[in-house]
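We begin with a single chain expressed as structure tokens, specifically the form predicted on its own.
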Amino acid sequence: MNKRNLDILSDFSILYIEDEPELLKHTATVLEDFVKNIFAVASCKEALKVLEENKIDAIIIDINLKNENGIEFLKELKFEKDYDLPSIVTTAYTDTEYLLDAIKLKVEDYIVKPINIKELLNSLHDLFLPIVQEREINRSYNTIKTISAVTDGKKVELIKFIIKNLDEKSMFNYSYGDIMEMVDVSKPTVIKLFRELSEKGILTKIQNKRYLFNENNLPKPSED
């Protein structure tokens, strides 16, 4: 099997629920070197507050928490709170009943404690890889559609640079000077392209060095 590229984890925020203090601290410390954000808490109550206040991409949760059950919490999130997030459950027990419950919930993975960090990182990679691939497909499609809106061939690389560097909120955070340092293009070309994209409603200036990419204003695919 090819070695997994763990760099993809850097775009995602993880909620980790574990009531063993040392394990919580140790695992969170390792994960923070790989993921965008790691929110480490010891109870479901704390976890719910994190979910209410932050954008979370996946949950890692111990099944046997103090006075709580991780599977029941995931059920509550999915069926009562409308949080349908990919999840990895951990447990010190290989109880078939728990495993069946996890399967019914469509939990992405099931890791037996003590946690093997490499196994956990690989599991997170496999969980997020389809999301990353879908994003790349969408961005490639957006690149093609944007290029079709601005047909000057000199601007193709610049358009690709914009699409590639959008954040998760479709914001482009670069100045003209920043762009010219990274793309072999003149300032007049940058200014002209931004004006054309702005006129078409594709790129909207929010503030200095901050632009919103408006996917809904991209040209419609040809009917041919």
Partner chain sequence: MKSLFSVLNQKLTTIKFANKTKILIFTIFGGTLLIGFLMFISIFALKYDFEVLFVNLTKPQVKLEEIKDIYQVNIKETLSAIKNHQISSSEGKEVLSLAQQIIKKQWREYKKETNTKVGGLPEFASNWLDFFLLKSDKPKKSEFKNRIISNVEKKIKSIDKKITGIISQLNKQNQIKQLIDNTILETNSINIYLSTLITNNLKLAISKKEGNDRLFNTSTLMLVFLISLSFIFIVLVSITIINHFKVLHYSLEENVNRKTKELSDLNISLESRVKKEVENSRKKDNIMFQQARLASMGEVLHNIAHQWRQPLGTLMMIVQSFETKYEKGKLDEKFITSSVNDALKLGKSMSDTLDDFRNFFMPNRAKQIFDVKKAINKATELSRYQLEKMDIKLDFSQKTTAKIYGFKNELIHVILNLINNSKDVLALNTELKEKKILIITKQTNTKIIISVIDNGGGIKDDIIAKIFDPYFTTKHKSMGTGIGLYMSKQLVERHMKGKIFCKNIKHKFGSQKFYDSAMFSVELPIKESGT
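Numbering follows the first chain given and starts at 1. Because the structure is a prediction, the values reported are computed rather than measured.
Beyond what is shown, the protein has a form predicted in complex with the partner chain; the following relates to that form.
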query = Each of Lys25, Asp33 and Ile117 near the partner chain in the predicted complex, meaning some heavy atom within 4.5 Å?
reply = yes
message = Please pick out the stretch from 123-131, 109-117, 79-87, 137-145 that is in contact with the partner chain in the predicted complex, where contact means heavy atoms within 4.5 Å.
response = 109-117
inquiry  = Test of understanding: in the predicted complex, would Glu20 fall inside 4.5 Å of the partner chain by heavy atoms?
reply    = yes
ask   = Is there a heavy atom of Ala149 lying 4.5 Å or less from a heavy atom of the partner chain in the predicted complex?
value = no
query = Closest heavy atom of Ser186 to the partner chain in the predicted complex, within 4.5 Å or not?
reply = no
message = Is Asn165 near the partner chain? Define near as a heavy atom within 4.5 Å, in the predicted complex.
response = no
request  = Go through Asn173, Thr29, Asn37, Ser198 and name the one with a heavy atom inside 4.5 Å of the partner chain in the predicted complex.
outcome  = Thr29
